[in-house]
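Heads up, what comes next is one protein chain in two forms, each shown on its own as structure tokens, labelled structure 1 and structure 2.
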Structure 1
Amino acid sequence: MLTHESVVSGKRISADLKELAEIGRSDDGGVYRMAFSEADMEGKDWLEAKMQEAGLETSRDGACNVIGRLRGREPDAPALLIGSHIDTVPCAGILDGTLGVLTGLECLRVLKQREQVPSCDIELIAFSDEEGRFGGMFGSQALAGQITPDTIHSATDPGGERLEDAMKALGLDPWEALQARRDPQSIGGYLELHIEQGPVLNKAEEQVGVVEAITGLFKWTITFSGEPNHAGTTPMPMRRDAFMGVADFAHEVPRILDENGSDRSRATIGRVELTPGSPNTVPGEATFTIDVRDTDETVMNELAGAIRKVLAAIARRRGLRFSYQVESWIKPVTCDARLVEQVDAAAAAGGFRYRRMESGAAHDAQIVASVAPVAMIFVPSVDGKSHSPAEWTAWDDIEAGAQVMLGAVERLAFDA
């Protein structure tokens, strides 16, 4: 282990962020660097040049993940990967995954300058399409061997553009993505720094989050069916009002979480559609979504069971029918205890205000976890905002996060 004298340069991180923010920037202040767009490729080119400038060996795999390698002493030892992604949602802020890649770049720059050789290769990786323009997390899924010819063939973006066509237009061969799979034995671990995208650290005035788990989630689309009736002529006791079923359900959500959930449980009704949707008609049908998350799959199962019971009880009580469609079931990920301890130790050693916490959002780390131990470092999101130009993190906190990443890498890839 190095003697912890290495210090990241906030100035260099700031300069990098500023430069990359201009790639894909629009007049509305938002960044439009969507996966496999011209701007995305320009960003990748910029990043690769920066990696080379820092003395890293660069390459791109078949999924167009950009990799910068700091060679270690033992070429066959499993590599330590760090990184995130630089693609964005439309009208994004300038941080999100980009911050994880650029703080990672700064860490490797510092280590390179110290000229001490790590015990294993350290790779900085920027994954392709983390934001799911084409429906998944293409880059990390390719690395984890979760891509098939069918994935490549059938993936389209919300506008109907095919992944294949988008890649070909950029001179890429989409079938090469099948070659991007890495032997799990070749990866010793993966560390990802990301903005929290939630309000917890910001509210608590803490600088760093040491992520212990990434929540799983399930998403259902639920429909209550009753009878569409005239709002004036149908007495209240003669109604079978589908929306009142939804309201009853929403009212039960806090109880369902209290009784069956943990303090990490979340449940959100994000969309509601009433049919016929006319102000003077009792809704005959109500369709809504529920998004439920927890870091423990047992808890997720209990929540799902409790929800089914409540739906059935409401339907019985109100003379409604109900049906639900399972849109997704994503298992939670527990971060690797050894990696988490080293991140925690680095945060403690740096004297930062930090907490152990969970990630409520999905990240590349969740995918990589299927083939290697992972851990994550969060920095605060001002007002919990992300995916908008209002997304921000105080410079001090960015430096703190980068410093924790550097400390963790030093602890993991250098001999004591």
Structure 2
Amino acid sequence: MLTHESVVSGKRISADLKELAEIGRSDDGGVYRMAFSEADMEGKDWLEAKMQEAGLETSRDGACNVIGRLRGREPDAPALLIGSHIDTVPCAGILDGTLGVLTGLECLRVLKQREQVPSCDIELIAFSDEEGRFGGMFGSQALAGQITPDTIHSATDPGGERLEDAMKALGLDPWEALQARRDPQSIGGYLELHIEQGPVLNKAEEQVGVVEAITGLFKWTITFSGEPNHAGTTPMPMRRDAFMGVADFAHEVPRILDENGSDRSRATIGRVELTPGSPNTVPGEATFTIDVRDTDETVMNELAGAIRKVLAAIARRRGLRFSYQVESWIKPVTCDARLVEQVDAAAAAGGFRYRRMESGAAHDAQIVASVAPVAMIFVPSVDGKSHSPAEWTAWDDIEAGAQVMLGAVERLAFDA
């Protein structure tokens, strides 16, 4: 470990955030830097230039992940990775994954300016499409070797545009994403800083969260099929109303969680679409999504089984048919004990107010965990807000998180 104190510059982080926030900014105040859009590519160009300005070696892999490398003394030693993402949801705030990338950049600036060489290479990675325009986690899945030709061919965005076409329109070869896989032996560990996206740290007036586990999740698209009919002439007992199936199911969700979940379980119906969608027609079809999360995969499986049973019971009672499509299944992750201890030690050494906690949101760290040890650092989200222009983190908390990241990097990538 280094023997003198290293300090990040809040002013530099602030300046970087303000600059990048203008790329994809819209009149409604939100940032629109969705994956593989023109704004996303402009943001990648900006980031690569900043990495070069900091003296890092830069490259992009086949998934268009932007990489900045600080060389270490031992070129064959497993590298320490720092990462997150700069793509956004529509009408996003300026922090989310972006803060993790820019605090990582600041940490490598400090190390580079100090002219002390780490024992291993340190890489900063901005992963592509974490936010899910084409399904989510594309860049980290490519690094972990989880991308297949079918992924490239079948992935589409909510508007129906294919990932393959979007990448080609930007001059990228989507098939090169298959070559972005890293040898797990080449990665010594992965650190990611992120806003909490929830209210826990903010309400507790704590500056840093040391993440011990990351929630798993599954997403289904479910369809109830009944019979469309006239809203005025079809008696209530004679209807096969697909929407009533959704209403019944929504009412059952709390009971499913109480009986089959844990205190960490979450379930959300985020979108409902009715067909034919006419005000004077009984819906013949109702399609909706459900997002279910827990930090224990056994609990996730129990919840999935309970949901299927409830759907079947509702369908029988209402005279409906049901089907479901599994959109994703992401396993929960326990962070690496050694890395967590180093993050904890850095937070304690800095005198920051912190706690150990779990992540209720999925992150690139979850995917990287399939090939390398991972740990995460959270900073508070004011009022728990995220994925909106209202998301914010106090500057002193941003600096605290960045300082903890730097302290953890020092402990992991420099000789004791």
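Heads up, when I say rigid core I mean the largest set of C-alphas that superpose within 1.5 Å between the two forms. Small disclaimer: the values here were computed from a predicted structure and weren't measured. Residue positions are counted from 1 along structure 1's sequence.
Matching each structure to its source, the form predicted in complex with another copy of the chain turns out to be structure 1. Relative to the superposed rigid core, the position of the CA of residue 152 differs between structures 1 and 2 by less than 2 Å. After superposing the rigid core, the Cα of residue 286 is displaced by 2 Å or more between structures 1 and 2. Smaller rigid part rotated by 18 degrees relative to the larger one between structures 1 and 2 (C-alpha superpositions, whole degrees).
Superposing the rigid core and comparing between structures 1 and 2 gives a CA shift of 14.2 Å at residue 229.
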